[in-house]
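Shown here is one chain on its own, the form predicted on its own, set out as structure tokens.
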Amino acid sequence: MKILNADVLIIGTGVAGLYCALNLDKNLDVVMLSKKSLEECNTYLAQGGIAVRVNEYDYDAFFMDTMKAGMYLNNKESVKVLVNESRESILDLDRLGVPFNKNMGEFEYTKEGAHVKNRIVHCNDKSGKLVFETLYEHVKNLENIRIVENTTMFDIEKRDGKCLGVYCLSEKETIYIGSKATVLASGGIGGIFKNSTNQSCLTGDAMALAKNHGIKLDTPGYIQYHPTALYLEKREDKRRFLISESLRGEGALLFNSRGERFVKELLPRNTVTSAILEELEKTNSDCVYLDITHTGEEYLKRRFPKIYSECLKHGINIATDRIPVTPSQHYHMGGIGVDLHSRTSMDYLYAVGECSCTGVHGGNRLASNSLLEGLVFSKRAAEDINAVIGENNKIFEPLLRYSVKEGKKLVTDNRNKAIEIIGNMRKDLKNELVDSR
């Protein structure tokens, strides 16, 4: 078993992991772990953009939009932090070079479901990809950061209530990475669903390990379905292509198979999803249809180049054709319980991004608050680590030694544990989870 050591270990290379790394003290030795290739994260797939407090007068409206969408099940203190620190995060991304759409030097804001006003900054419909690429360009140039790809964590090393690193499986060997502070930024649970907009490698690893080690979980049954994933009769894989909510923000309308409108398009996601599912049952249909043909082809090519080209691959010209859509698993609001500094219930173990539960989303995430949460709370984690890391006396030698065979078994066991957790919390989803055998 190979042994590596670092001051800080970050599991995951999405927006939360990358931004956390950029905010750590540059004197710290940092290792970042990616389960597959770096870009196989949900950040890379994000289309719509990032919500932000437009100005000092937007605080109350943004706060209430987040609370209402979350069915008032949100942690109010977390929402306050999110709203208050949102603009600082966006201005920092702008400074780092994220190519946000602008008009005369000012951010071009768009609107999405359950927002009372335009407050979404975006890079056309490739926001996540361009945020990822920008952050990665900065991370890879830092001499204190090493990135290890195609390596899966399968166990935590803990002693005296402290996390001292993780055990991982690469293609050929098991690895122990010892660390003074460990940050879980390993993403969501879409890979355990038969239909999801997520990367299939995201299988709830962090949640499973937390359960195995008695680390507090928070509302793991809170799962969001996106109303509009592209419906195809035949698909090569289980991941569904997302049709961004920003289309509805730009005026796209929903129609049933009879050509009738049946819901206000910019209601919260859970409400629109429920309306679509009800309509599918009522009309005995497989999909409903999203229509944005009123805007013109040149505009659509410019504003939604990714969606335009992806749909065209399947014979759908969104400038002239209605887009067949159906709900699909999209986001996990629950996860590993953390405080306002992203600290878990285990010392020196943090969780950020979708694998964490800050409580900011409540029972239903407001559109475009996911990347924002990853930014705001990963920076808070980094700042806390910078302040306290010297208190942890590092122990380099692992207590356990795993063979490759044992590592592979634990990787499978963790996926099955995640399926079990969700299945036990949500009996209504059991038929939608992958076979755990």
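In this text, the rigid core denotes the largest set of C-alpha atoms whose superposition between the two forms falls within 1.5 Å. Residue positions are given as counts along the sequence shown, with the first one as 1. Quick caveat, the model's predicted, so the values are computed rather than measured.
One more form of this protein should be noted, the form predicted together with a small molecule, which is absent from this view; the next part is about it.
Participant: Name the stretch, out of 305 to 313, 202 to 210, 93 to 101, 284 to 292, where some heavy atom lies within 4.5 Å of the small molecule in the predicted complex.
Facilitator: Checking each option against the 4.5 Å cut-off leaves 202 to 210.
Participant: Does the small molecule get within 4.5 angstroms of any non-hydrogen atom of N118 in the predicted complex?
Facilitator: Flag for N118 set to no.
Participant: How about F107 - does it come within 4.5 Å of the small molecule in the predicted complex, if we only consider non-hydrogen atoms?
Facilitator: Result no; F107 lies far from the small molecule in the predicted complex.
Participant: Using the partner position in the predicted complex, report whether I318 sits within 4.5 Å of the small molecule, counting heavy atoms only.
Facilitator: I318: no, not in contact with the small molecule in the predicted complex.
Participant: Should K111 be counted as a contact of the small molecule in the predicted complex, where contact means heavy atoms within 4.5 Å?
Facilitator: No, no contact at 4.5 Å.
Participant: On the criterion of a non-hydrogen atom at 4.5 angstroms or closer, are Q47, T197 and S370 all touching the small molecule in the predicted complex?
Facilitator: Verified in the predicted complex; spot residues all in contact, yes.
Participant: How about M425 - superposed on the rigid core, does its CA move between this form and the one not shown by 2 Å or more?
Facilitator: It does shift by 2 Å or more.
Participant: Knowing the shift is 3 Å or more, I'd like to know if the C-alpha atoms of R426 and V183 are closer or farther apart in the predicted complex than in the shown chain.
Facilitator: Closer together, which means the C-alphas of R426 and V183 are at least 3 Å nearer in the predicted complex.
Participant: Tell me whether M207 and M425 end up closer or farther apart in the predicted complex, going by their C-alpha atoms; the shift is 3 Å or more.
Facilitator: Closer in the predicted complex, by 3 Å or more.
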